[in-house]
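Below you'll find only one chain, the form predicted on its own, shown as structure tokens.
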Amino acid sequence: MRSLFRNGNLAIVLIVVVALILPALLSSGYQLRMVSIIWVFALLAMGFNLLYGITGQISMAQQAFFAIGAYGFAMLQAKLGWSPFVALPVAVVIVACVAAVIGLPLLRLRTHYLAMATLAFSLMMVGLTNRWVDFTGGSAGIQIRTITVGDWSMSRAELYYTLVIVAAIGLVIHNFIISGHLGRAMQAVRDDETGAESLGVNVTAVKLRVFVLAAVYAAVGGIGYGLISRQVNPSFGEFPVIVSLLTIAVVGGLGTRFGPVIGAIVVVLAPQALARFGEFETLIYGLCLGVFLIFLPNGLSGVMERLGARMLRPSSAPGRRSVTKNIVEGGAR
């Protein structure tokens, strides 16, 4: 049981079980939509956590890949008439190729230079989707049809369960990478790139792999969000998406195993809870973020991991401790 908890497997099982039971407790389609969005942002945050939290590469292009994935999925169906089951993997591959192409030159940059370069790429994508009306639909965007097979059409509840399963698979891969050899190489790159190179780590290859993997996570999340909204528009790639992503990192815990899921839950549901405060909603939200930054730098996931480690830490037997104490006292005498 202890090894299961340490590896995160038991926690993942518990998260999935609760997520699968949750729709039975909801009373409206709006609530189902909100909890579906949680898993979309959890996927987006997992990629960002691997890229920035574990590897230390601050990228502001995640929302661009989020939008490209959704646009690719929509346009392959609308323009070419492809099946959604073909359009989905092809859209993800397109995003991976775009990430590899722009990652090769951009990942030579570091710190805020990389952040600004990737932000410029995101702004270019937003401008393109807004102005290339004939191709992207402009500000109106493109409609995304519900996934259908014959007479069967995917319902909102079935889409929710699909997103839960996909997010669970993403979380297993996320935790496996962190625990494995690649995860240790990523942490070495984050701590000291020169030192990592001296130890035989191919820094360029590690950064590019994680950059592409983070883009794939973002693409899958974007496709999921498009299916929930049943459309894709330029707002998918705009700045509020990266703000939400950074907020998830702060609240959930940057570089932690379950921070993306915990942070996504809080960030998606908190505005709904704070809406009753009216015009003070933004003020209270900002104050809460300040509290997290000052007093909980590792986020909620960091707190939970420390509590779990204390609970699982083996304690010395009282009898054995007293025997040791008697021996020491006897020797002192």
Partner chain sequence: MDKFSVLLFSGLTNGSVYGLVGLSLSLIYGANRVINFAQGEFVMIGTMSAILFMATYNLPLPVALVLTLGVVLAMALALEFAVYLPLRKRDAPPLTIMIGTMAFAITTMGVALLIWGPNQLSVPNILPMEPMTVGPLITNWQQLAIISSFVAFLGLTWFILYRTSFGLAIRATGVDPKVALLMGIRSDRIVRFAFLFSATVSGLAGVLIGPLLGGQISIGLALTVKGFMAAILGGLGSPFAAAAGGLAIGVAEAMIAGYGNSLYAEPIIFLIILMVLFVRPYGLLGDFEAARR
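Heads up, when I say rigid core I mean the largest set of C-alphas that superpose within 1.5 Å between the two forms. Fair warning: this is a prediction, and the values are worked out from it, not measured in the lab. Numbering follows the first chain given and starts at 1.
Another form exists, predicted in complex with its partner chain; not displayed. Remarks below refer to it.
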Would you kindly say which of 123, 90, 157, 97 lies with a heavy atom within 4.5 Å of its partner chain in the model of the complex?
123
Let me know the one among 78, 86, 165, 243 whose heavy atoms come within 4.5 Å of its partner chain in the model of the complex, would you?
243
Assert contact_stretch over 67 to 75, 107 to 115, 227 to 235, 142 to 150 against its partner chain in the model of the complex, heavy atom within 4.5 Å, equals 107 to 115
Partner contact for residue 138 in the model of the complex: its partner chain, 4.5 angstroms, heavy atom:
no
Looking at the partner-bound form in the model of the complex, is residue 52 within 4.5 Å of its partner chain by any heavy atom?
yes
If you check in the model of the complex, is residue 297 within 4.5 Å of its partner chain, heavy atoms only?
yes
Hey, in the model of the complex, is residue 283 touching its partner chain, heavy atoms inside 4.5 Å?
yes
On a core-based superposition, does residue 29 travel 2 Å or more at its Cα between this form and the one not shown?
no
